[in-house]
Each structure stands twice: as structure tokens, then as C-alpha cells.
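Next up: a single chain in C-alpha cells, the form predicted alone.
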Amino acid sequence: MKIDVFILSFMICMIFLGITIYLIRNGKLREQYAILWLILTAVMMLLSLFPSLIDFMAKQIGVSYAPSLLYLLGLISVLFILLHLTIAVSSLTARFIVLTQKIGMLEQENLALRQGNKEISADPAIQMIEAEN
């Protein structure tokens, strides 16, 4: 018995879809990141079920060898994933900087309270000026 490559591709997509949903339900993958994976899985399932769509799209775009369109779609998908992850990392970096500054200010406040300072200032430069006066 020979398994058709399109059926095998569809089964792999179903397994990937199941894993993605499992990760979402267990809280290991957030919904905002999972949406892109779910969309890509749906597109791959659609192309697996209807391989003639690839030929139709290739004719519409003007690609002479339809399977090369799959490589182009794969490359575009990877670029979208990279852009999405880069945006997430940039956002997390900005939040990390703010949180680090807040921790520094809280540590300074904590140290001032331990030393018995009655006036607590968040800015060390202001504290130095007040100490000189």
C-alpha cells in the first residue's frame, strides 16, 4: 500500500495542529503567538487537500514551475514568523528596561528605609544635592 504524499502531508498538518492546540491549552504557547501557527497550518492543510490550488496560484502569478511557489510561500512564512518574533522580543526588551529601573528604585528606597532616612527620593542626584545642603 502506497501512501499519497498529499495525504501524508495532511496527516502531518493534523498532528501539528493537535500539538499547537495542546500547547495552547496547557499554557505553554500564548494565543497571540499561536494565531500565526494556526493560520500557517490551515494554509498547509488546504494546499494538502487541494494540490491543484498550487498550480492555479502559480499560473495566476506567472510562475512556470508550480512547486517552486511552495518554496516562495515557505520563505514568506518564515519571514512573517521572524518579524512576529522580533516584534515580541523588542517589546520584551523595552519592558525589561522599565522593570530593571523600577527594581533599582525600589532597592534604593529599601536601603534608605533601612538606614533610617526620613526623606526618600527616587533620584540619587537629588539625594546628593540634599545631603550637601
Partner chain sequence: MNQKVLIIIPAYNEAEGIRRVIADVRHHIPYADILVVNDGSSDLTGDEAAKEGVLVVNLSCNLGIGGAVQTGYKYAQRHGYQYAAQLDGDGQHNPRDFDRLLGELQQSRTDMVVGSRFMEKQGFQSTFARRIGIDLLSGLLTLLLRRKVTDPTSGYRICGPRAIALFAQEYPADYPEVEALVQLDNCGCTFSEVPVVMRQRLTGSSSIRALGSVYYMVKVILSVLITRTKKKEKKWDLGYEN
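These figures come from a predicted structure and were not determined experimentally. Numbering follows the first chain given and starts at 1.
One more form of this protein should be noted, the form predicted together with its partner chain, which is absent from this view; the next part is about it.
Trainee: Give a yes or no on whether each residue among 25, 31 and 37 has a heavy atom within 4.5 Å of its partner chain in the model of the complex.
Mentor: No, none of 25, 31 and 37 comes within 4.5 Å of its partner chain in the model of the complex.
Trainee: Indicate whether its partner chain has at least one heavy atom within 4.5 Å of a heavy atom of residue 106 in the model of the complex.
Mentor: Taking the distances in the model of the complex, the answer for residue 106 is yes, it comes within 4.5 Å of its partner chain.
Trainee: Does its partner chain get within 4.5 angstroms of any non-hydrogen atom of residue 59 in the model of the complex?
Mentor: Result no; residue 59 lies far from its partner chain in the model of the complex.
Trainee: So, residue 65 and its partner chain: in the model of the complex, are they within 4.5 Å at any heavy atom pair?
Mentor: Heavy-atom contact with its partner chain at 4.5 Å: absent for residue 65.
Trainee: Find out whether any non-hydrogen atom of residue 96 is located within 4.5 angstroms of its partner chain in the model of the complex, and reply yes or no.
Mentor: The answer is yes: residue 96 has a heavy atom within 4.5 Å of its partner chain.
Trainee: Its partner chain isn't shown here, but in the model of the complex, which of 97-105, 72-80, 50-58, 37-45 has heavy atoms within 4.5 Å of it?
Mentor: After filtering at 4.5 Å, what remains is 97-105.
Trainee: What are the residues of 69-95, in order along the chain, with a heavy atom within 4.5 Å of its partner chain in the model of the complex?
Mentor: Sequence-ordered list is empty.
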